[in-house]
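Next comes just one chain, in structure tokens: the form predicted alone.
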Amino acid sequence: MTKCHILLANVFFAPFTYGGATVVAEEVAKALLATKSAAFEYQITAVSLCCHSGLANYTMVKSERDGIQNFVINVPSNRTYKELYNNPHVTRLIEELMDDLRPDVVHAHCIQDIGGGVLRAAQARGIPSILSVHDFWWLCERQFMIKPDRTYCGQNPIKIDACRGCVSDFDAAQSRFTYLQDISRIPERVTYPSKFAHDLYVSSGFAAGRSVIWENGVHLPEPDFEAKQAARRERDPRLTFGFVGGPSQIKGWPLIRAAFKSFERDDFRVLLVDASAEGDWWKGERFDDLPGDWEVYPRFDQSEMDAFYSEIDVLLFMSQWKETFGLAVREALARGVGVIQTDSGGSVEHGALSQSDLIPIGASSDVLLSALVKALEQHPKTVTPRAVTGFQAQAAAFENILQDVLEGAS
């Protein structure tokens, strides 16, 4: 078995887990380490960021969890615009790390704020690299293609000249766009979590010829999930809606609130997950003018996921932008939980819903209200769990990509 040391760069990493891309990075890394029949004997080292006033700027500290060392670089909060995509201080520390660790490959998984310097550092040392794209950070300085008026940009392909009315400094935005386009030519492979993301990036001139769709995995249900779900439904047979996003326009909260405000029934409940690091997403929000029972559900980690999904019957996924994937949708479908969702890019590539079931981005709250009424009228409705990619399968797919890259580099 060949030893393979991967230097995994991700903006956050355990013990500072935050966001879907970080979950994917951590879980795939753990799956690679745990795979018995792997082609490689893996060693994985992570490098990530934090932002703590109690640490000196650009101090690097080391932690370890689940057999993975994580070198955490403390960055100041007042970084310049350029330092958010090309930070020489961060790059210098990563260069020193590469010289010390001598990894076999660099996996730049989700590197907004780390910046493109990690790929240049790998190239300078002859280390092959893989870049994984998770949102539109590489094409859009606003990361999610959301305009200042909080509506979806809709460019396809993305042309930087069309961003003049959206960015505050077009020359700076153009320099950023050109730099990241140049950086995209370095990695041996560029992965995307969905066909939608792949097609938009490639049509926008990003990393043509080295792109591959690498679908995200999710934490699959444990064997006792069905029993948990049945026990809850026996305890409280009311239809329960669940919402994992925060109270923002981008995740569709105003639309959800408006639809429920018009609801003329109250024989249901709604769980709103607070996934914020500080537990303050829903502070100040009032629900006493809405029908039904409303409850804020605390943030949960991967091992606690079944407990949440056993409590809901229908997930509301009302994103008002074109998502690149949509972990929550797959997590729900894998557990036989129904989904009401918008036609939001890669989040619909699971095949469980027809086009007519998808709510267009920008649709009025009446469209969602109709879907809520329909769900309530059909309750209780049995939803067959759907086959969904898990983290073990995602890790196996990554191993195939890795083999191609290392064979090409040898």
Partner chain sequence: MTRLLAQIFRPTLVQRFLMAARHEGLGVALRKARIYVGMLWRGEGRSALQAGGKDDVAPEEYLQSIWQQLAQGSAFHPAPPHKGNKPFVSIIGDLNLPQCRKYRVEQLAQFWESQGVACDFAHYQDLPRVTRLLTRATHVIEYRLKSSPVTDMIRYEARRLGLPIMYDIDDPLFSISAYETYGNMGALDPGLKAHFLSEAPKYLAMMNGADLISVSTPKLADHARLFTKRPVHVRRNFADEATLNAGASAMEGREAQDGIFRVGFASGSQGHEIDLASIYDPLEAFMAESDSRRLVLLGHFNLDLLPKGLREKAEVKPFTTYEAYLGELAQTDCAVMPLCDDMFNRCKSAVRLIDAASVGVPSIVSPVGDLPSLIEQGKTGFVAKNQSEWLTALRRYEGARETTRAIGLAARNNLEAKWVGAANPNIIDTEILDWMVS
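Owing to the predicted nature of the structure, the values given are computational and were not obtained by experimental measurement. Numbering follows the first chain given and starts at 1.
Beyond what is shown, the protein has a form predicted in complex with the partner chain; the following relates to that form.
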property	result
Location of the partner chain contact in the model of the complex, chosen stretch of 334 to 342, 288 to 296, 309 to 317, 67 to 75 [non-hydrogen atom, 4.5 Å]	67 to 75
The unique member of 123, 112, 302, 203 whose heavy atoms fall within 4.5 Å of the partner chain in the model of the complex	112
The partner chain: the contacting residue among 261, 210, 92, 283 in the model of the complex [heavy atom, 4.5 Å]	92
Contact of residue 54 with the partner chain in the model of the complex (heavy atom, 4.5 Å)	yes
Heavy atom of residue 96 within 4.5 Å of the partner chain in the model of the complex	yes
Contact flag, residue 165 vs the partner chain in the model of the complex, heavy atom cut 4.5 Å	yes
Non-hydrogen atom contact residue 142 with the partner chain in the model of the complex at 4.5 angstroms	yes
Partner contacts for 43 to 62, taking the partner chain in the model of the complex and a 4.5 Å heavy atom cut-off	43, 49, 50, 51, 52, 53, 54, 55, 56, 58, 59, 60, 61, 62
